[in-house]
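Here we start with a single chain on its own, the form predicted on its own, put down as structure tokens.
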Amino acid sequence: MGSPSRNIPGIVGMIVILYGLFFPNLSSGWGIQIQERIQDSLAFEDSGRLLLSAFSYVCRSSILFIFIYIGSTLIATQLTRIWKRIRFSYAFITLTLMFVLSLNILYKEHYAYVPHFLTLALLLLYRVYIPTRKDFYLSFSVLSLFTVIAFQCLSLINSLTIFHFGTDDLAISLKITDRYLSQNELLTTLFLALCIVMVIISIIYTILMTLYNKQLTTLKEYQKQELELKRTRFALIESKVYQEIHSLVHDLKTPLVSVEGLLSLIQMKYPYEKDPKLKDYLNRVDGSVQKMSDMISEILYEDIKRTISVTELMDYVTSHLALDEQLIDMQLEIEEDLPPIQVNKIRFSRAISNILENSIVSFQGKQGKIRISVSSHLTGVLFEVWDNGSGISQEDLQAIWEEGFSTKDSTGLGLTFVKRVVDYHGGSIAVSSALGSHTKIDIYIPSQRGNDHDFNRGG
């Protein structure tokens, strides 16, 4: 049935319909007054009183039926939401005619159906051009008002009686009196003109709403294109920066090779083995150079992987996070006896860091909690990152992996990079979030070659 807010149109529609069904009783005094004025106009042969009675009749009938039309619109909308197979037009026609029939049964007024057929046809035509936005009910109600008034005016034209217009008691009395006082000229001329005016106003209103909607659509398209252009510009800048960094990192290998060569030369020419301190220093320098060379290789070539423990990986990740000025409570839980994983340490660490940095940004400078849990799962290791930040809307969740997508004026490449790294390691990633509540990202990495797991496939 959906959330309670989605049922509001149906509930309001039922209330409006009930008020409409009771309206003849509630306005019975108004009906008696119209009848008395008709009798007075006959007694005094006063066209002015007849005219007042006619206007009063049109007002009362229009108010009565506008309740029926607005209520039917709301209920038909609710029904089409619940049962997708029901079309709005069929539900709207059926409900409106059913409630008009109910009025005839309840009050035996003999309200004519032909004006309602024409009103429904015109309203459904207008609906084609009225955009389904949050102000749809207001726009459709205004159009319903103009259209109902227009066709209620036709109920007082005597020549249309043979087409079943104006068959209720008050309309018949007004038309008989008009025939007696003005030979059908007064009400026919006046209310035909009023009908035409109302129809023209409703057409103009529909045209204005259509043009307004086109302007809004164009503006949204323009804003969307501008956003896409901005993302592309960011991506291009990011790509250029990445290329520059890649070139700089690559250039670092040349002096490292020279240092390695010089170290070998020192070890060959000098009897360093006799000096324990010198030997220790040279071994440390050699180890650091080798470590730096490995890191550069991992940055440059994503297919280079090494076997490391989860603890070493997470120590490396957390040591590079800047949390000094943040009010963040970060908890890290690593299951004991986890199997080692084979990853590109630099790139995989960067992927985990991207997720943590997104969590930190989601706090918007406020206090927040981050929980990182690493545990064994199936034949691999599961990294779970949870935060109680601002969360992600369900609409944005569908687009977060797209390159350039961002809601925070960033490059929109961070999560794309994360997914690419996880995919390259034969793993899988899943995200769940509730706007204003939390976000949880799960990354699964197989510990053995070929034992990949896809969250989307379950298991």
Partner chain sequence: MIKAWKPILLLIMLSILFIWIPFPTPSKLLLNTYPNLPAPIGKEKVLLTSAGQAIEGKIIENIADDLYLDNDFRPRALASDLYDYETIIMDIGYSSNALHKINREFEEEKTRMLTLLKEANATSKPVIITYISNAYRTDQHTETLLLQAIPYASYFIGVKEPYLSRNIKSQLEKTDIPVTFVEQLDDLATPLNAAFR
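All of these numbers come straight from a predicted model, not from anything done at the bench. Residue numbers count along the first chain shown, from 1.
Below, we refer to the form predicted together with the partner chain, which is not included among the displayed structures.
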{"query": "Joint contact, 42, 117 and 158 to the partner chain in the predicted bound form, by non-hydrogen atom at 4.5 Å", "finding": "yes"}
{"query": "Non-hydrogen atom contact residue 87 with the partner chain in the predicted bound form at 4.5 angstroms", "finding": "yes"}
{"query": "The partner chain contact in the predicted bound form: residue 163, any heavy atom under 4.5 Å", "finding": "yes"}
{"query": "Contact label in the predicted bound form: residue 107 to the partner chain, heavy atom within 4.5 Å", "finding": "yes"}
{"query": "Residue contact check: residue 207 to the partner chain in the predicted bound form, 4.5 Å heavy atom", "finding": "no"}
{"query": "Contact residue in the predicted bound form, from 313, 351, 170, 100 (heavy atom within 4.5 Å of the partner chain)", "finding": "170"}
{"query": "Position in contact with the partner chain when the complex is considered in the predicted bound form, options 227, 295, 257, 125, heavy atoms within 4.5 Å", "finding": "125"}
{"query": "Stretch from 207-215, 70-78, 178-186, 353-361 whose residues place a heavy atom within 4.5 Å of the partner chain in the predicted bound form", "finding": "178-186"}
{"query": "Contacts with the partner chain in the predicted bound form - residues in 10-49 whose heavy atoms fall within 4.5 Å", "finding": "28, 32, 35, 36, 38, 39, 42, 43, 45"}
